[in-house]
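Next up is one chain by itself, shown in structure tokens, the form predicted alone.
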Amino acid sequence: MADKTYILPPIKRLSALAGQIESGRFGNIKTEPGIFIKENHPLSIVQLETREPPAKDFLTVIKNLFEFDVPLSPNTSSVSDKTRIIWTGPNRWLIIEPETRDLISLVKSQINETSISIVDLSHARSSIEIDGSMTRDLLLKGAAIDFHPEAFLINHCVQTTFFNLSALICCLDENRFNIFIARGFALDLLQKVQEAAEEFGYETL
């Protein structure tokens, strides 16, 4: 297991949604909320990309570093504790975890191959989490994807157009999803999700 002493710099990142999220109940308040919305911040997000199919040495390094295998099947993710690795394309993955350590430095310290690209996307992405009994119905409003529980399974992910915005959607649990979006479109996404959730009643956390 790699050394866990990688300390974050003292300067904290400001959320793209800072001051934009009002906690409370909204929309249809006659019933219990069908949707719960919150921002996941701060997150550490590191993109890995190999020029060729990943070599055994690379896979071993990742497994030793995070104690689980990198996903090799399209549109899937692997998770252990609070770290998730998402397949985002051939030979390309995102490593995502709550920002508690200097993840980019940790990864670079273990991977020295010049054929592997390592990019820190922590500042470039925002994440909105949606939970609740009506979550899959809400997702259907925004994307032409089959979100039925038998089709879109836990730990499945998809990159798609969501309410006309390019997004990465990942299923964390039966009715709990993370939506990753470019930082500059985070407020647009939040507003569109809130509007779509009004008929179900929603609570922002």
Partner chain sequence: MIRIKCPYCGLRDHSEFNYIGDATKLRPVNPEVANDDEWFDYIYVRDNPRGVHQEYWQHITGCRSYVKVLRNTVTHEVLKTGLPSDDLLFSYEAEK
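Positions refer to the first chain, counted from 1. The structure presented is a predicted model; accordingly, all values stated were derived computationally and were not measured.
Only in words, not in the display: the form predicted together with its partner chain, which the text now covers.
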Open item on the list: Quick check on Arg92: any heavy atom within 4.5 Å of its partner chain in the predicted complex?
Closed with: yes
Open item on the list: Please tell me whether any heavy atom belonging to Ser77 falls inside 4.5 Å of a heavy atom of its partner chain, as the geometry stands in the predicted complex.
Closed with: no
TODO: Check whether Ala55 has any heavy atom within 4.5 Å of a heavy atom of its partner chain in the predicted complex, and answer yes or no.
DONE: no
Open item on the list: I'd like to know whether Thr88 contacts its partner chain in the predicted complex, with contact meaning heavy atoms within 4.5 angstroms.
Closed with: yes
TODO: Let me know the one among Thr50, Gln159, Asn28, Asn155 whose heavy atoms come within 4.5 Å of its partner chain in the predicted complex, would you?
DONE: Gln159
Task: Candidate stretches 133-141, 63-71, 161-169, 35-43 - the one whose heavy atoms come within 4.5 Å of its partner chain in the predicted complex - done: 161-169
